[in-house]
Ligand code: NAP
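Shown below, as structure tokens, is a lone chain in the form predicted on its own; questions about how it binds or moves come after it.
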Amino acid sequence: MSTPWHVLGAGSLGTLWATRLARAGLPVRLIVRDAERLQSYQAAGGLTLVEHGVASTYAVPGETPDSPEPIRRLLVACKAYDAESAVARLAPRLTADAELILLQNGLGSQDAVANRVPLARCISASSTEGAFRDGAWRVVFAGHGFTWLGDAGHPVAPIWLDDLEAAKIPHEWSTDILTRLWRKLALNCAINPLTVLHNCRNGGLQEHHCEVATLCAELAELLERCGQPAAAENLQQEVERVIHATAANYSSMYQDVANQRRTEISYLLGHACKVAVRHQLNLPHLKQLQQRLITHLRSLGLPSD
């Protein structure tokens, strides 16, 4: 019997992984916040995946964090700001050989989780897959992408990558996962905040070329100083390519703000600015962008952390 996948977080990526794993016949359990959410989930009859316009529902068993079953493999798919406290609540259920797969945006939450459960193996993931929810317990697979996974402290790939193969989740084990995470953080910092401040789709940033170029130069400087030269390479060209390729899309931060949700600013722009201070690096435009975004979020009555 294969090890069950416990999925924490029924957002778009958590649901996307859970449904594909279930579709492949693998054992999956969805962990929801509380008894009330569990009741809502059970009433829906499972998780629904919409792919190529076809909806399929999978009766993935649901449970609450205080369920007694031990957890050996945990996919942490909640927001970066919820990850540490959510994992802390599950810590008593983790087995001695537990492995956590961390699907959070940005940087900072991964270390916080690892420090909270020092005996578990924490594997970081960086995904370019596109998905969005169009209803409760439903996810639309919007863009086929790729997921890189890696463990900076333990480069040997885990055997359960076979499960991802079976579930047709395109992936690769990366021995330089930190480079991937830093690169993605820089892309997010150069695009997401500006889409919020200019109130536009990603493609709208083509009209703000100078601002994007200035940010990319400062972010590349930060990456170099952090010992991530590979992540800094051709950063501006990559940012411009992403803006062009995803021109019709709204960034995740734009969507959070539009839906009156808390953003992951602390783990994106906030993390970049904090690391710059630590390295005594003066990045005025990045710092100014952070201040503008904080002011904007507060004006909308949204959390700025």
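Remember, it's a predicted structure, so these values are computed and weren't measured experimentally. For every residue, the number given is its place in the sequence shown, counted from 1.
Same protein, other form: the form predicted together with this ligand, not shown, and the subject of what follows.
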property	result
is_contact(residue 290, this ligand) in the model of the complex, heavy atom dist at most 4.5 Å	no
Heavy atom of residue 240 within 4.5 Å of this ligand in the model of the complex	no
Proximity of residue 184 to this ligand in the model of the complex, heavy atoms at 4.5 Å	yes
Interface membership of residue 116, this ligand in the model of the complex, 4.5 Å heavy atom rule	no
Residue stretch of 52 to 60, 271 to 279, 29 to 37, 240 to 248 approaching this ligand in the model of the complex, non-hydrogen atom distance within 4.5 Å	29 to 37
Residue (of 107, 86, 120, 232) lying close to this ligand in the model of the complex, criterion heavy atoms within 4.5 Å	86
Position in contact with this ligand when the complex is considered in the model of the complex, options 71, 80, 194, 219, heavy atoms within 4.5 Å	80
Contacts with this ligand in the model of the complex - residues in 110 to 148 whose heavy atoms fall within 4.5 Å	127, 129, 130, 131, 133
